[in-house]
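Only one chain comes next, encoded as structure tokens, the form predicted alone.
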């Protein structure tokens, strides 16, 4: 089955291990016959700043934010979301958090029920989420800190998707002290997961 994969990447250094992981995701997704689109947030200059005007339009229809239209379109097009980024301070880099804040917007990723005021999922097209991330600290240190970044995607973002959405969290811990062997082994794990997604 051909999937429509949107890869969202956030790292400022084109020579980083995170960028190598993003390139791997794009390559493998294409090799297995999927359609792939990429939001490389630093490359496209995605702003982490919500302007006063955009804030005033936060509940307005997507067509009031034409500067975000290509991002909205890709989110509504895909059935698989892959996030590739380093975990900093227990969470996503600011530019990726801003993408979540600004692109997963009202009438794109969710809507409000007029009767109850509850958030209603709108990304029913998304049935798979994969997170490919690195951590500077150990897994136990991340557990101690509460893994806030993991909750953002695995709970909050996932809740906006299809009830059938399956999510995978692929993390390399203690990346700053990792060996080439450990990084290669992690990349092999990422590749195996991507080749099995259907």
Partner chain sequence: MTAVVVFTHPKPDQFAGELLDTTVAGLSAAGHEVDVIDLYRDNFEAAMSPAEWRSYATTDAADAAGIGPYSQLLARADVLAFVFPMWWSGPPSMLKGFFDRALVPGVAFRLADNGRVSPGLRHVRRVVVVTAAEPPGHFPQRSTRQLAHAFGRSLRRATGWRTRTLVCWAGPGEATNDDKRRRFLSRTRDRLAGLR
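Positions refer to the first chain, counted from 1. What you are looking at is a predicted structure, and each value in this text was computed from that prediction instead of being measured.
From this point on, the text means the form predicted in complex with its partner chain, which you will not see here.
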| property | result |
| --- | --- |
| 52, 56 and 97 all contacting its partner chain in the model of the complex, non-hydrogen atom within 4.5 Å | yes |
| Region of this chain that lies against its partner chain in the model of the complex, out of 24-32, 163-171, 125-133, 148-156 [heavy atom, 4.5 Å] | 148-156 |
| Any non-hydrogen atom of residue 48 within 4.5 angstroms of its partner chain in the model of the complex | yes |
| Exercise: residue 13 in contact with its partner chain in the model of the complex, heavy atom 4.5 Å | yes |
| Residue 89: touches its partner chain in the model of the complex, heavy atom cutoff 4.5 angstroms | yes |
| 4.5 angstroms heavy atom contact with its partner chain in the model of the complex for residue 104 | yes |
| Sequence-ordered list of residues in 172-197 near its partner chain in the model of the complex, where near means a heavy atom within 4.5 Å | 177 |
